[in-house]
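The chain below stands alone, shown as structure tokens; this is the form predicted alone.
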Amino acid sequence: MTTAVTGELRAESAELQGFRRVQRLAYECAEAVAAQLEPGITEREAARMQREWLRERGVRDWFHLPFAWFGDRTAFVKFRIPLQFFPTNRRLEPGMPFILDMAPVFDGYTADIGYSGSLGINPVQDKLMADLEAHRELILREVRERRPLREIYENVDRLMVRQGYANRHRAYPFGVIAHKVDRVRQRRWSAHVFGFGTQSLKGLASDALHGHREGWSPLWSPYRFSDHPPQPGLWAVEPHLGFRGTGAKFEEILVVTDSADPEESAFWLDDDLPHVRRWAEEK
């Protein structure tokens, strides 16, 4: 199912309210699970806690099943193959950073979020999180300027270098910093392959085929297939910083429309999210 995002679709529209509800639900899950983490919990247990919390609230389908990364795995240290992203028996320790990442589908609406935290004080991750604010601002500004996605990706890279960090979203398949999300047809039961929902994969494949014919891609990467202006739709954006074995990121939906008005041409789906509130409190 394709979400039509035009200049007539406003932030208060019923369509976007559906996506906003599931995104907020996912962040509520992340905060609830983060509050229950304690020394000795494994990544697999944290991922299961996310699944159970969301299933108790009616989630039956996924863009992808929940992930949890602890310690240097938050920076994807030595990640070489996709299987390394799946939760392991790594145990959480005091002061250790963690990232919770989940992508539930609820009532046909998709979210894909990333939540960074630590078990106790971790000044390095705190600094990474503070410096991610500039990336959120850069991405929105340059999408509104209709710069090619590949160019925006490169400018995010340059900002990371100036800040002294490594680009860790480059470790994802195709090096993506973002991907499109869409409505998903509801089923009585949902199947998944390698942790990804089959209905969501069908939608992404359909977008990829449609985009190939028209010269755009649903994957926002550093490669030539992303050398095009932002395509109207909803994009799950996840800049991911790394520094000496510590990683931090946020992930949230960016809405892109075909409006000629810069402020309506692109906007974050929701500004009432944990990382945004955190930055506001620090000012």
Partner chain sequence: MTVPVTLQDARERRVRTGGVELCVAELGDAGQPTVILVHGYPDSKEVWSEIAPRLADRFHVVLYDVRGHGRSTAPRPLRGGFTLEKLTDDFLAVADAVSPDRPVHLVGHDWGSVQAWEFTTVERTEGRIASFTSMSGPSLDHFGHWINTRLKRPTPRRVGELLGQGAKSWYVYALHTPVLPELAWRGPLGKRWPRLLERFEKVPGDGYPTSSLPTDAAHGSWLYRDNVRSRLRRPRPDAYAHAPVQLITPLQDAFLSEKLYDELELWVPQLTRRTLAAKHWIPRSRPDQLAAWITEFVTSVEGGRPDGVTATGKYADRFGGQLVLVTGAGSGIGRATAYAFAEAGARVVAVDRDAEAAARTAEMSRLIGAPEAWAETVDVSDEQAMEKLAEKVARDYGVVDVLVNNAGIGLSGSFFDTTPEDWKKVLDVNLWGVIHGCRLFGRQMAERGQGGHIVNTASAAAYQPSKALPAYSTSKAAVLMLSECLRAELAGQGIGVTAICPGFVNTNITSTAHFAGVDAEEEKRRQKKSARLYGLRNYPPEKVADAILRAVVRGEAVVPVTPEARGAYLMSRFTPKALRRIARLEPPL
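Bear in mind that the values here come from a model prediction, so they are computed numbers and not experimental data. Residue numbers count along the first chain shown, from 1.
Beyond the structure shown, there is the form predicted together with its partner chain, which is absent from this document and is the topic of what follows.
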Quiz item: Ok, 147, 91, 127, 141: which has a heavy atom sitting within 4.5 Å of its partner chain in the predicted bound form?
Solution: 127
Quiz item: With the partner left out of view, is residue 243 within 4.5 angstroms of its partner chain in the predicted bound form by any non-hydrogen atom?
Solution: yes
Quiz item: Though only this chain appears here, would residue 131 touch its partner chain in the predicted bound form if you measure heavy atom gaps against 4.5 Å?
Solution: yes
Quiz item: Looking at the partner-bound form in the predicted bound form, is residue 109 within 4.5 Å of its partner chain by any heavy atom?
Solution: no
Quiz item: So, in the predicted bound form, is residue 161 in contact with its partner chain at a 4.5 angstroms heavy atom limit?
Solution: yes
Self-check item: Location of its partner chain contact in the predicted bound form, chosen stretch of 99 to 107, 69 to 77, 172 to 180, 117 to 125 [non-hydrogen atom, 4.5 Å]
Solution: 117 to 125
